[in-house]
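Below: one protein chain in two forms, given as structure tokens, structure 1 then structure 2.
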Structure 1
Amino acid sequence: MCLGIPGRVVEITSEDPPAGIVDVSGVRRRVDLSCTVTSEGVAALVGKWVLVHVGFAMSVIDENEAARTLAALEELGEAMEEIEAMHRSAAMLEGTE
């Protein structure tokens, strides 16, 4: 099963290829933004919610949809497993685990 997690774009790190930092439930990670860039440019994504799957922002979603999706995922328990894996991954990359 594929799982997409809502996150908010907080920073652009590259315009070519489009990439940025996305905050997913308090965990920040670099994400490819290629699938979500519009004619407004990559900078217009800062502050927007995106649906993230395996390091790629697959689509832009509104804040209400993000909240509903996170609530549904938390109820299913799937979001917590993904977030815990991201925390472990971040700790390993930072050398704190």
Structure 2
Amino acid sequence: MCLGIPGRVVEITSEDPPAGIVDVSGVRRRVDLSCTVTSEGVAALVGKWVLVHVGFAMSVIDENEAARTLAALEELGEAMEEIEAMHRSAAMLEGTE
């Protein structure tokens, strides 16, 4: 349900209704920006990453939150590596007995 794709707003084509061109990996399409425009105005969306669903930008992607999610995953990776290293050395110790 509800395919949504990250794309970057590269150009504003209309202030009212707010609309612009969004680039998804080099493919461009006119997208309605009504749901993402803030008090800063439509032009402030240029350069922002948005989540596009059926031709409508539905959310401005929060880069800090994305970075936070990825950082948590990095930490998890390190923790899992440590646990695995512990298992390995435990197995080695058992092997020497």
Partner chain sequence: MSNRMESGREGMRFTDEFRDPAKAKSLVSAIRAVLDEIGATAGNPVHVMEICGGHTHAIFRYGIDRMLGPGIEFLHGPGCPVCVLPMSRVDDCLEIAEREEVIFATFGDAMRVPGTRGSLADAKARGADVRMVYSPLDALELARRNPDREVVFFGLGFETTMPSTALTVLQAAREGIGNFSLFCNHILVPPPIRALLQDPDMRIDGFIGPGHVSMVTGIHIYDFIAEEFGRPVTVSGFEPIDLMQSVLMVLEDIRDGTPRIRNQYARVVPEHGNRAALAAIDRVFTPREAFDWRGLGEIDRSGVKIRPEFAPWDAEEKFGVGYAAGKSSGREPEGCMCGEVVKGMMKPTECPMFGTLCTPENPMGALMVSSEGACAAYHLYAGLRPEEVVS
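Counting starts at 1 and follows the sequence of structure 1. Think of the rigid core as the biggest set of C-alphas that the two forms share within 1.5 Å after superposition. All values reported here derive from a predicted model rather than from experimental measurement.
In this comparison, the chain shown as structure 2 is the form predicted together with the partner chain. After superposition on the rigid core, the Cα of M86 moves by 2 Å or more between the two structures.
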